[in-house]
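This document starts with one chain, in the form predicted alone, laid out as structure tokens.
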């Protein structure tokens, strides 16, 4: 199911990302103040947007898990959070590089955008330790879903709070008061954003495919070992315990 059209998705991701980075490097003009270093924006900001959207997607899957009780939704939520944490780590790394080049410091604690994203990242970093500290599979899935929903609701609230803050050091990509991005910058930015979204979807599908395949292999091995009677005839949805 998850491996369907993965090759086409992978090729589309590669083409879009390559095109986006090429536009950012050669088509979009350099920033008047920061010069070429400002082009890290085309990596840093799309990573942040996609990571936060991934957390919200995980919350939606968690709602479906609590509503239906199907383990496949729990697994989708888990993989979405896993992918967003990887993207989030990349956001913090690229953000620190950008801060060092722009402000002369690796981190600025009085900047609400940076600190708020770090809080969200650390909040979700507790997801896996919390989840796997629970041995019962059903309770594990339910508690993890409640966590994903609660944390997912915090993401847009946190975003709104940052947007309402008065002190801005971090550049506003979608600002309108100061004109926002130059048209050629917008083209490069949106292509990079689309590429990052495709990259997230591709990696998510690859991990889901891996876990689904692993679960099927384990079921086949148990049947070959003579334990077929303890398993359902039809393949069930993969769970984190079985993968």
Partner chain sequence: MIVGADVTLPDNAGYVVAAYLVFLVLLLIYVVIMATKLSRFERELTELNEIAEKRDEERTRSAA
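A quick note: this is a predicted structure, and the numbers were derived from the prediction, not measured. Positions refer to the first chain, counted from 1.
What follows is about the form predicted in complex with the partner chain, which we do not show.
S.K.: Answer with one of 61, 28, 51, 196: the residue that has a non-hydrogen atom within 4.5 Å of the partner chain in the predicted bound form.
M.R.: None of the other options qualify; the answer is 196.
S.K.: Which one, 40, 201, 181, 56, lies within 4.5 Å of the partner chain in the predicted bound form by heavy atoms?
M.R.: It is 40 that has a heavy atom within 4.5 Å of the partner.
S.K.: Considering non-hydrogen atoms and a 4.5 Å limit, does the partner chain approach residue 71 in the predicted bound form?
M.R.: So residue 71 does not count as contacting the partner chain.
S.K.: Whether residue 81 contacts the partner chain in the predicted bound form should be assessed with a 4.5 Å heavy atom distance threshold; does it?
M.R.: Residue 81 lies outside the contact set for the partner chain.
S.K.: Taking heavy atoms and a 4.5 Å cut-off, does residue 137 contact the partner chain in the predicted bound form?
M.R.: No, no contact at 4.5 Å.
S.K.: Is there a heavy atom of residue 97 no more than 4.5 Å from a heavy atom of the partner chain in the predicted bound form?
M.R.: Yes - in the predicted bound form, heavy atoms of residue 97 and the partner chain come within 4.5 Å of each other.
S.K.: What residues in 204-223 sit within 4.5 Å of the partner chain in the predicted bound form, counting heavy atoms only?
M.R.: 206, 207, 210, 211, 213, 214, 217, 220, 221, 223 sit within 4.5 Å of the partner.
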